[in-house]
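Heads up, the chain below is alone and in the form predicted on its own; it's given as structure tokens.
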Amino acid sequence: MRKARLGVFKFTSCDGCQLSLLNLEEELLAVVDLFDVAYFREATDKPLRGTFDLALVEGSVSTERQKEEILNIRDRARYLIAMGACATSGGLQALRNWASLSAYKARVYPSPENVHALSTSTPVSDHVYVDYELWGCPVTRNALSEVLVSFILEKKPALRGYSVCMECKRHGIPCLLVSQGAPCLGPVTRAGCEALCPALGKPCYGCFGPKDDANVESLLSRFRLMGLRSEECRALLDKMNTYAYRKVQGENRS
């Protein structure tokens, strides 16, 4: 049988999700057996040619050139999966969506005139049709394996749609919000991390993005009753999934 052609693409991101693919270790050999890795700059110098059965895209769309590139990838790919917080919600760099890009550039770069970027950082789904979104910062090895195997088996990935709170319950972790009054985002954040931070006594900070039907405003109201100021509540959300959380609340970017 012909192996499925796999392409792995990077936009504006830290490379962490691509590294999750390389960190599959023993499972990586199975990936090579099942897929023809036709394009993956982290692992091979093969040029971009032909079409792909599956495209994994990491990173947000942050430049005019990337807007053109994602259209080209969509045309080449039978299925396209956005992987990681940057590709699914614009990433940490989406903080500029509600700020001044020129002010950011002037403060960070010695020659801001040489930085050519869009005023917004947006998820892949804002530009092309995405067949599946794999959330996380970074994505986990188990979730990535599930998605790849599901593609081969032609089935929907069996990933969780519930909140981090359910993972805390399964692992017997006391609720930090109730027992310690900690501003934990677990109730509105999708599962997938196995409650890593709560297991270490730290409140969830939302690296897997808002779960389906997340009632973010209700949780923020609870935080305000606990004594947090509105700007402190906003700061809890303004991290790698800020764009997704603000969309849940119905905010429009500048």
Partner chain sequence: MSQLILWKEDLQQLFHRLQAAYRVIGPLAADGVVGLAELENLSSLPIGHRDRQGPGVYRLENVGDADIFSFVVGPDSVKRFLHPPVQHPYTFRKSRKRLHIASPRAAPQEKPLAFFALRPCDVAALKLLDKVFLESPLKDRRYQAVRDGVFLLAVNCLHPAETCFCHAMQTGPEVRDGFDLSLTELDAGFLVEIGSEKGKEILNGVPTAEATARDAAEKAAKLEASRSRMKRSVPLRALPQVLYNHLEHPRWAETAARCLGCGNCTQVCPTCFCTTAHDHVSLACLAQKEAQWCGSRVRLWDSCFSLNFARVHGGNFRTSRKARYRHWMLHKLAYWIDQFGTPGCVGCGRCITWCPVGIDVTEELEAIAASRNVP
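Residue numbers count along the first chain shown, from 1. For clarity, every value in this text was computed on a predicted model and none was experimentally measured.
FYI, the form predicted together with the partner chain isn't displayed, but the following is about it.
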Stretch in contact, per heavy atom within 4.5 angstroms of the partner chain in the predicted complex, of 29 to 37, 65 to 73, 45 to 53, 202 to 210: 29 to 37
Please tell me which of V128, M166, L95, L118 lies within 4.5 Å of the partner chain in the predicted complex, judged by heavy atoms. M166
Single option in L177, A77, C137, I81 placed near the partner chain in the predicted complex, where near means a heavy atom within 4.5 Å: L177
If you check in the predicted complex, do T122, R234 and A244 all have a non-hydrogen atom within 4.5 Å of the partner chain? no
Would Y162 show up as a contact with the partner chain in the predicted complex if we use heavy atoms at 4.5 Å? yes
Does the partner chain come within 4.5 Å of any heavy atom of A103 in the predicted complex? no
Indicate whether the partner chain has at least one heavy atom within 4.5 Å of a heavy atom of G181 in the predicted complex. yes
Report whether the minimum heavy atom distance between K156 and the partner chain in the predicted complex is within 4.5 Å. yes
